[in-house]
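First, one chain by itself: the form predicted alone, in structure tokens.
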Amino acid sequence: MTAPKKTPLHGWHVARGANMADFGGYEMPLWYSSVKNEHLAVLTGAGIFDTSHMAAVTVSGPDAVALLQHCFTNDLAACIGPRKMPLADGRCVYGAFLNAAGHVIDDAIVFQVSADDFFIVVNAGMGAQIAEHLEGHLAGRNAAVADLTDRVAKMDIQGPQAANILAQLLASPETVFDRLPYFSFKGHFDPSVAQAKAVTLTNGTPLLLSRTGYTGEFGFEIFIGTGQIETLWKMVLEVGGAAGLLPCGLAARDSLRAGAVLPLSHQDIGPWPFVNHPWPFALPYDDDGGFSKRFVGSEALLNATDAPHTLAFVGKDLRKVASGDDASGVYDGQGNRIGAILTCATDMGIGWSGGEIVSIASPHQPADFKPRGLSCGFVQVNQPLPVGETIELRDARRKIQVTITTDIRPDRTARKPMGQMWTGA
């Protein structure tokens, strides 16, 4: 059995008493103080996450776009904003890589560094597999693929105070934060890469700063050299304490992403057709219900008439059940088993108030609102279910009633303009 790999911050985590576990082949922190404290810190202040277990792949050359258009689900020629503008330098987009059957190999974010240079972030342990998949579809195209696994470090700072904290560590923050909308980026972690919009720390260290994340809240993902990540991590902790910043583990990352209706690859998306789910923006749908381009797996998706349905749900309280093989499954009102539980987590920053879900960060929350948390996540069922439908989730210990929904945690901040989130703006 292969021992788990370690990120450059592993020693720091262990020295601070983090609860560690194997995730994606890496020994990673699940929590430090408590999952609840870390979850709430991201909603009210800020949290930092070690995400150096994530992998990266580059695609470059004159035919880089053609290769990605063939292999990636989203249409790089029509993917930005409601007007479906083309991907441009400094912008990034979410999608997936599928096999010929339309099943997910992995989801990813594609960053356009330049017209023929792309940086792709995939999940832990998936760098070599995605690189091999891309190379298998070169078919004479003039492009080069490189797996950067363990050659770049990454950390995320998420929460409403993220910009105010990070501004104290950046050279020229006003320039960096100018025109930096959601799903855009500036800079590069490799100083040898020509940069029109370089980003450096006050100590001169270069980095790639992206307005993305996996919590549903305002914040950034930071890519930096492996030898500089611990220095940056400590700098952020030092200046962020007054703003309520905490180091956060993967357990809070999971509960936050569930409340934000974000999928976990190989759990909520995986070896089944990538359709009938809450993330249609990852596919290149046109006005007629077809696709604006052909890509690996597209024909299978268009013909997947009996594909299962992945739906989001929210519970009545914080109680949750096991998911996957440890769960009995999903049942309808007549007691018929209709599917499986993919994710069941507890978003500890929300609760019911007057028949509506309210977040601890909601601007108009009731004066006496104290969230106890609500279970939430995703189920995979054999039929479409309407919003508001009640279903029952079961495991060996309990049964809980939950409701099908399209959204969970309200008043999320990820898409808010920088001018609303940085006091220096």
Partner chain sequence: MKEINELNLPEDVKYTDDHEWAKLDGDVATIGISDYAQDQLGDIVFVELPETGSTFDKGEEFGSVESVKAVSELYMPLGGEIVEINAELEDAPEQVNSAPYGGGWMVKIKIADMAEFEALMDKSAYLASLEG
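Residue numbers count along the first chain shown, from 1. Quick caveat: nothing in here was measured; it's all calculated off a predicted structure.
The next section is about a form of this same protein that is not shown, the form predicted in complex with the partner chain.
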| item | value |
| --- | --- |
| The partner chain: the contacting residue among 69, 60, 33, 44 in the model of the complex [heavy atom, 4.5 Å] | 33 |
| The single option of 84, 309, 319, 293 touching the partner chain in the model of the complex, heavy atom within 4.5 Å | 319 |
| Partner-proximal stretch of 35 to 43, 60 to 68, 357 to 365, 376 to 384 relative to the partner chain in the model of the complex, 4.5 angstroms, heavy atom | 35 to 43 |
| Partner proximity in the model of the complex: residue 19 to the partner chain, non-hydrogen atom cutoff 4.5 Å | yes |
| The partner chain contact at residue 264 in the model of the complex, heavy atom, 4.5 Å | no |
| Close approach of residue 301 to the partner chain in the model of the complex, 4.5 Å, heavy atom | no |
| 4.5 angstroms heavy atom contact with the partner chain in the model of the complex for residue 208 | no |
| Residues within 4.5 Å of the partner chain in the model of the complex, restricted to 393 to 410 and counted by heavy atom | 397, 398 |
